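For reference, the chain that follows is the form predicted alone, supplied as structure tokens.
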């Protein structure tokens, strides 16, 4: 009996000892894992201008779009669970009916992409505060914007599974905002100082990221502020703006800018060692044809396309009823006197510009038609393929001007400003390599 009791006690002692050893090993492993550098991947976008999908006019500009961005995010999140996703603002382009359709589609996509913080720029106010408020699932952030009937968050801290805590702030330059009713823009630097002071006292982040919306030289000054580790800036005036995306390093801090129209994804890899030392690396990822399209975003874009098509046919009745005598002659009439020139034109890409829209199901998109037909949205110009079939393609009168009067009474000197007409459609995002001296020989006549 005593032997049995002795063995039982020995087993208990051994069991306790094993549990103790296991605990020590676990604690040792925990200490070892926490003693190494901790990492967070910051992914950023901005300057989108409601670019849902690249038009595809030029291979060099075939980058970006919600379909590729979503696919990139899905793949990147699988590889980097500690990921912070932010945007610097300027989501919308102009307050038109089609522009609003694009803006609504973009915000639906933004919700589905699960951003951690989305800053507000001057372009984001074009549809008013209610338009933004209706998308409450988007984490709008603005440290120095006070907007009637809409209250974006002022700052936030995100905690990651590896123990890192990242503080996020956003401010905008007051000079970019004009007569926006119901908007008050306070001093941005003071807002940053106040928010950082409060953040340090309450949540004690390991890293502070500041999203700025300003001109580059203005935004660079924020690197001087105490507590700011990274400045990510965004601001764009036109879709042809060239953005300097080369990072700037100063005193262990980093400044970067968002790509125009969401063509590239910015990546900042940040590592912190146990002593709090930071290591920063940066790269831009092209969203070109090598990135697949996310099926859900493809479906969302198709719904947008259907709405644009419905809008196009809805407006036809009004255009037909208000149709005036056309000031355009059409290529068939031009051909009677300029047969040699017409032959050259027929063999050029200008001569089949409308067909390129039909192939990609865009022959109803006003933003595309304006550069693929004659006089779209102008008096007497193209209405539809059925109403004005003689005005399809980039014809003579796109470059030389309306020619019906000239055809009736030909005179020398007509159409002398053709060179200036090229610049209307051969802009950077559609034709980045355009050079008149090089392009003219291709269609010379």
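In this text, the rigid core denotes the largest set of C-alpha atoms whose superposition between the two forms falls within 1.5 Å. These numbers come from a predicted model, not from an experiment. Residue numbers count along the first chain shown, from 1.
Just so you know, the form predicted in complex with ligand HEC exists too; it's not on screen, but the next bit is about it.
With the partner left out here, ligand HEC still marks one of 246-254, 346-354, 202-210, 150-158 in the predicted complex; by a 4.5 Å heavy atom cut-off that stretch is 346-354. Among residues of the shown chain, residue 410 is one whose heavy atoms approach ligand HEC to within 4.5 Å in the predicted complex. For residue 406, a non-hydrogen atom is located within 4.5 Å of ligand HEC in the predicted complex, even though that partner is not displayed.
For residue 341, a non-hydrogen atom is located within 4.5 Å of ligand HEC in the predicted complex, even though that partner is not displayed.
Residue contact with ligand HEC in the predicted complex: residue 38 places no heavy atom within 4.5 Å of it. The listed set 214, 270, 334, 297 contains one residue whose heavy atoms approach ligand HEC in the predicted complex to within 4.5 Å, identified as 334. Only one of 242, 181, 360, 317 lies close to ligand HEC in the predicted complex, with a heavy atom inside 4.5 Å, and it is 360. By the 4.5 Å heavy atom rule, the three marked residues 57, 421 and 424 all count as contacting ligand HEC in the predicted complex. For the stretch 121-157, the set of residues having any non-hydrogen atom within 4.5 angstroms of ligand HEC in the predicted complex is empty. Residue 383 is not among the residues whose C-alpha shifts by 2 Å or more between the shown form and the other one once the rigid core is aligned; its shift stays under 2 Å. Core-superposed comparison between the shown form and the other one: the CA of residue 337 exceeds or equals a 2 Å shift. Relative to the superposed rigid core, residue 417 undergoes a CA displacement of at least 2 Å between the shown form and the other one.
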